[in-house]
Structures are given as C-alpha cells and as structure tokens.
Ligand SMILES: Cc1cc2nc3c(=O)[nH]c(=O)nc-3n(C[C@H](O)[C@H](O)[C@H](O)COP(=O)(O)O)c2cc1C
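Before any questions on binding or motion, here is one chain by itself as structure tokens, the form predicted on its own.
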Amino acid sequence: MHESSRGNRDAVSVGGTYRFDGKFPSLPARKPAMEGKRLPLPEVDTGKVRQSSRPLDAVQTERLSVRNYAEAPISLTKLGEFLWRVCRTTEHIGDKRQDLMSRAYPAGGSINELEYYVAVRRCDGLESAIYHYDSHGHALVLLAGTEKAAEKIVDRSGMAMGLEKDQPRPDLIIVITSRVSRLAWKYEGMAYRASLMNAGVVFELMYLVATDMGLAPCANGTGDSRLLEEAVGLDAFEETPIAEFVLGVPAA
C-alpha cells in the first residue's frame, strides 16, 4: 500500500488526476444533514479566546497525553469551544470542478473530507449518546438509539489507552471519519494516504487546543470502525471512521 501511494512506479498514476471528472459528480463538501434532534452549541467569544490563549511555544512545551480524569465531567460549553476551535467550517470555496471549503487546519486540495462524531459517556448538558458535529452551523445532532454504541466506543478507547479496569473512563471520544471518496474523485492512488495525513494534522491541533483550554487529551492508536458505522448507518465505501481522540477534564 505504501509503494502504490507514492510516486515510486512509473506505471501507476498518483496525484491530482481528476480521473472521475466528467464521469460522475463529486460528493458535496457539506455532508447532508443527519436525522436527529439538533442542539445548537453555545456561541464562542473569539475575543476572550484570543485574550486567554497562551503563547504557542508554551502550549507546545506543555502538550502531553492525559489519562487521569477529574470527578466532574466536561461541560457543554468547553466541548463546544473545543469543537469550534478545531473543526468548524470557516469558508466555502467556489471551484468549477469540485465543491471545496476551509476549516481551521490545512487539508489536501481544500477538499476537507473529514467529519466529526462525539461519543459521550458523560458531559454536563448532554445525555450519553453519539452526536454528529455540524461544522457549518456549530451544532450537535443527537443520533437516536446510540447510547450503547457510545459506551462501547468509550470502552474501546480506554483499552487502546491502556487503562486498567478500575481506572475511570474518559468523558467522551471524538471519532474522525473520512468521506474518502471526495478525495479519490480528485486524487488517484493516494486518497486514503492523504486522509490519514489530514487526520494527523487534526490530532496535533486537538492536542494544542486541549492543552490551551486545560483539558485532558489523548489520541488513540487504534479503534473499531464498525462500531460507529453500524450505530449511525454509515456506508463504509462513502464514509468510514479513521481515527479517535479522547477528551476529558484532567484530575487535579
């Protein structure tokens, strides 16, 4: 897979070939709205964020994975600010070939194929379930009947983090999915590779923002893609989980 995703072989096309242009349209940049109760998130005061944010060097130096959690859960306000700072859509970009958009981080070709789901064990202001983050309207969509799946996702993340059975589980997991076919519409031979690199960029931003906000971040090295796919009805060939990120409040 590594060889075929690099320009190592002259007989294999790799890169922005737009091989499906004119054959069928690319999926829209904005994922169609999911069914469920819509919960607008608290508005973020950008002025306060800029005043309270620490220097980048200080945040980079303090960044680390945290696996010990406070007795009190993360608040909806904190979760909303975190999602807004990392995942929000900032601009739609007109393009003759493909629907594009911008977010708070760089993404290959401005395609921004990543989507975000929040598997909540506990959060002050939310019930335990899986939510889809609407990055365009800064809101969460409650996906009905996902309570048990949310619990399983959190438990699997605890295992991936190496937590002992008697250690508290994290408050929530942010599952990053890829609508990889949007990348494959333009990029030949490297779409999955590019999506993994994009997820890595997001991981770093999540660490920096969580550290700046005084939260407990931890990236997972592995996860079960089918848990989310089956719980919310995703077609794995259209959208699939590729990464998980843990978030909570650190123990004192």
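One rule holds for the numbers: they count along the sequence shown, beginning at 1. Because the structure is predicted, anything quoted here is derived from the model rather than measured.
From this point on, the text means the form predicted in complex with the named molecule, which you will not see here.
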Heavy atom of residue 222 within 4.5 Å of the named molecule in the model of the complex: yes
The named molecule contact at residue 27 in the model of the complex, heavy atom, 4.5 Å: no
Does any heavy atom of residue 203 come within 4.5 Å of a heavy atom of the named molecule in the model of the complex? yes
4.5 Å heavy atom contact, residue 64 to the named molecule in the model of the complex: yes
Run the contact test on 101, 111 and 185 with a 4.5 Å heavy atom cut-off to the named molecule in the model of the complex and return yes or no. no
Per-stretch contact check against the named molecule in the model of the complex, the hit in 156-164, 130-138, 171-179, 78-86 (non-hydrogen atom, 4.5 angstroms): 156-164
Only one of 190, 213, 218, 227 comes within 4.5 Å of the named molecule in the model of the complex by heavy atoms, so just point that one out. 218
